[in-house]
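Single chain ahead, by itself, as structure tokens, in the form predicted on its own.
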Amino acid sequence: MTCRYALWILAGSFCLIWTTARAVAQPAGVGPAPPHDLVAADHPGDNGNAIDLKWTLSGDDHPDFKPRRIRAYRIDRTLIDEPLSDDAVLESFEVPYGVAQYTDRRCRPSAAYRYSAVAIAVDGSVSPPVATSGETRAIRQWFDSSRTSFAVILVIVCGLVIFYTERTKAGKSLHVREIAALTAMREAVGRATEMGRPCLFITGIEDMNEIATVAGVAILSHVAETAADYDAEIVVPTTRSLVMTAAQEAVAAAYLAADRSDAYNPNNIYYVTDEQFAFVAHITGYMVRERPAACFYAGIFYAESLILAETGNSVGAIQIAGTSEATQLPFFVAGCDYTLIGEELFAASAYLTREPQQLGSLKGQDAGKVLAAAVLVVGCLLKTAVVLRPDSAGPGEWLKFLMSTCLGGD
């Protein structure tokens, strides 16, 4: 009797499990329920390369279904304007389950497309397709609204530049933090005067098409004016003929501004060679022979940075350097007394001349950087709030707005 009851219990359990599985699982050979109401429309306010798609989720795509039945949706796109071209080949994109919209951003302006969508089950079976009712074209708009935030930021930064420039012209002082390397330049030129030895200025090894070289020539003008005041000799070897011409004009103007045009010697600003290490060999030989008391490096430098800094250090010169090449900054920091780091090289001209246009530009750019940093901080805080409280709609909506406008995402 015991065995008979056990057999009946096992048979009943098997029937119950089989019946439940039949109720939950899809019938063999039958795919999931298809999505409905697929609609395609031109994406508003763009340059004509996007189409928005919306649909109603499949009846089998429901969060209460455990286990999940739908894995993804596949969107098929066909170009119907040119059926015989390569562009007419069917293209497909997959969208995760639970998502009922998609923006196709790989369209051609004014081309006609037809879309269809299917639901893909977890087991790989596919639903019957649902298609759009007709063709859809991506139309290029007169105004790309996706870049509105950048236009607003541009207007704000430009407005701040104009505001600070006009404020400086009106006689109001603008605070610019002290840069130690620039303050030490007068001391370095004074030391060279006391020792009766020359000042050496290198504007880098690139041409005048590089902004860092232009910044180096601007710093050279200030150093040359100081040298004229102190009656110190300044020597400027260059690697480019155009840089030599610009340096000669800058030094001549500096001596003229100091009322020492008679002391200007154009032969001290000369061209050496375009070859990198031949130029370095000339400079190091000059350092060893003439033992300059002050060495200035401002511009673009590469592998020669450490060679120049070590040679200048070996002859006991005060060395002040600045470059926009981040890979060379450690060598200048290690081998020189003062170093202009990063944007300090470009801010040097405004710091030294105090011209309203340059100061206004500098302060306006700083305000723009503060604005950009504030946007990034707010974005990080909103993302953190979304992660910590995923059910809260407020932070998520603000994060979507920030991503789609200021940060240029979707």
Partner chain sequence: MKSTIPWLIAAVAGSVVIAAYFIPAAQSWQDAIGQWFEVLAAVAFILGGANLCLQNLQKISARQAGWGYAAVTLVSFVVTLGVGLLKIGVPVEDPQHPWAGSYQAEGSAEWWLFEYAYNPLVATMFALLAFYVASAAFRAFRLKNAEATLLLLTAFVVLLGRTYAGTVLTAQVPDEYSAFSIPGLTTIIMGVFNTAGQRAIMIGIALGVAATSLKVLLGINRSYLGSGDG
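Worth saying up front: this structure is predicted, and the values here are computed from it rather than measured. Numbering follows the first chain given and starts at 1. Note that the rigid core is defined as the largest set of C-alphas that superpose within 1.5 Å between two forms.
Keep in mind that the form predicted in complex with its partner chain is not shown, yet the notes after this line are about it.
Review point. What stretch, of 61 to 69, 379 to 387, 359 to 367, 35 to 43, brings heavy atoms to within 4.5 Å of its partner chain in the predicted bound form?
Key: Stretch with heavy atoms near the partner: 359 to 367.
Point to revise | All of 193, 205 and 322 within 4.5 Å of its partner chain in the predicted bound form, heavy atom check | key: Checking in the predicted bound form: none of 193, 205 and 322 is within 4.5 Å of its partner chain.
Exercise for review: Look up in the predicted bound form whether residue 275 has a non-hydrogen atom within 4.5 angstroms of its partner chain, and give yes or no.
Suggested key: Residue 275: contacts its partner chain in the predicted bound form.
Point to revise | Close approach of residue 350 to its partner chain in the predicted bound form, 4.5 Å, heavy atom | key: Residue 350 belongs to the contact set for its partner chain.
Review point. Is residue 140 close to its partner chain in the predicted bound form, meaning a heavy atom pair under 4.5 Å apart or at it?
Key: Residue 140 belongs to the contact set for its partner chain.
Review point. Would residue 289 sit within 4.5 Å of its partner chain in the predicted bound form, counting heavy atoms only?
Key: Flag for residue 289 set to yes.
Practice item. Name the single residue among 248, 125, 168, 132 that comes within 4.5 Å of its partner chain in the predicted bound form, judging by heavy atoms. Key: By the 4.5 Å criterion, the partner-contacting residue is 248.
Exercise for review: Counting non-hydrogen atoms within 4.5 angstroms of its partner chain in the predicted bound form, say which of 280, 232, 185, 293 makes the cut.
Suggested key: Comparing distances to its partner chain in the predicted bound form, the residue within 4.5 Å is 280.
Review point. When you overlay the rigid core, is the Cα of residue 344 off by 2 Å or more between the shown form and the other one?
Key: Residue 344: C-alpha displaced by less than 2 Å between the shown form and the other one.
Review point. Core aligned, does the CA of residue 289 move at least 2 Å between the shown form and the other one?
Key: No; residue 289 is a residue whose C-alpha shifts by less than 2 Å between the shown form and the other one when the cores are overlaid.
Review point. Residue 266: CA shift of at least 2 Å between the shown form and the other one after core fit?
Key: No, shifts by less than 2 Å.
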